[in-house]
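Next up is one chain by itself, shown in structure tokens, the form predicted on its own.
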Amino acid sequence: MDINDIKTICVVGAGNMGHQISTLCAIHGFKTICTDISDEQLKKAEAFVDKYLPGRVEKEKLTAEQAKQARANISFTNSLEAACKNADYVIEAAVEVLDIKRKVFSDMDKFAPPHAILATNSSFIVSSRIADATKRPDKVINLHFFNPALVMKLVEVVQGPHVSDETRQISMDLCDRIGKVPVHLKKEVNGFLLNRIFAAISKEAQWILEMGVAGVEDIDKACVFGAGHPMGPFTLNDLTGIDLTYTIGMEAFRASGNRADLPTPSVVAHYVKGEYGQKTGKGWYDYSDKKK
């Protein structure tokens, strides 16, 4: 099996990452089925596609014919079985909870053809913790897209000890086919590659805030205008979600027992208040006035 055998892609989860990955695959010629248990989420995902594709035509990023073909390539269903049954490659983009992912992968394994590769978009749960929920552990891999998936070029392809070279190569080639830049991680490590680097920057920025050295805006300005980052760590955190930062920190602490891995007090405070960032209208910044 090689990349030329990949014709149909199933994306499990129609949230922000899932519907963008689905749109991306459809634009690049793959028959794509996006599935979610929530009919409301599926409607939002379909509405996104119907707005996004004409917008790309207006900006002359796609031709009208390309947009028409991309729309024809993508469909939506609340049936996981129907979505998986003819899939050659399945990308899971569900909630970052291990037990849920294991159940989803067990079901994906039942419904997808034996040759299908099962990938998780998880940003921190390694596939070795999921693979044994299936009967094809050699075909279970981390394929980590970055948010927003339609814009960010990087995809981390994480090859755990159970992943075959064929699965890794097809996954790398798939990234190439959809216009992404894959990087091969030869082993599993907490935080993978880029998030591990950015986590150190973000955690240090949070402690500078905790110590009262500088405020959120000034720390962000320093990283943008001094280090050349496209956005500051707090703006980025509001985009990716403070809830995810909290969850990752707690998961790291459970694994290591090192209190340095715990989320900072300010992260905990925002998490407890339900202030997760842009998606809730408030995080490190207040988005209620839509100026930020």
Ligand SMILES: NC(=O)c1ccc[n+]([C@@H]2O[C@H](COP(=O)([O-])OP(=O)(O)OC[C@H]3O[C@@H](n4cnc5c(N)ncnc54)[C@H](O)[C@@H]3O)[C@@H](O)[C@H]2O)c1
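As the structure is a prediction and not an experimental result, all values here were calculated from the model. From 1 onward, residues are counted along the sequence shown.
The discussion below concerns the form predicted together with the ligand, not included here.
Would you mind picking the one in 250, 244, 57, 231 that has a heavy atom within 4.5 Å of the ligand in the predicted complex? Partner contact (heavy atom, 4.5 Å) among the options: 244.
Would you kindly say which of 201, 152, 100, 193 lies with a heavy atom within 4.5 Å of the ligand in the predicted complex? Only one option qualifies, and that one is 100.
Just to confirm, residue 134 within 4.5 Å of the ligand in the predicted complex by heavy atoms? Judged by the heavy-atom cut-off of 4.5 Å, residue 134 is well away from the ligand in the predicted complex.
Is residue 167 close to the ligand in the predicted complex, meaning a heavy atom pair under 4.5 Å apart or at it? So residue 167 does not count as contacting the ligand.
In the predicted complex, does residue 37 have a heavy atom within 4.5 Å of the ligand? Close contact exists here: in the predicted complex, residue 37 approaches the ligand to within 4.5 Å, heavy atoms only.
Do residue 283 and the ligand come within 4.5 Å of each other in the predicted complex, heavy atoms counted? The answer is no: residue 283 has no heavy atom within 4.5 Å of the ligand.
Considering the ligand in the predicted complex, find the one stretch among 169-177, 213-221, 81-89, 143-151 with heavy atoms no farther than 4.5 Å from it. Of the options, only 143-151 has residues within 4.5 Å of the partner.
Does the ligand come within 4.5 Å of a heavy atom in each of 94, 104 and 240 in the predicted complex? Affirmative, all three are within 4.5 Å.
Contact set, 1-31 vs the ligand in the predicted complex - heavy atom within 4.5 angstroms: 12, 13, 14, 15, 16, 17, 18 sit within 4.5 Å of the partner.
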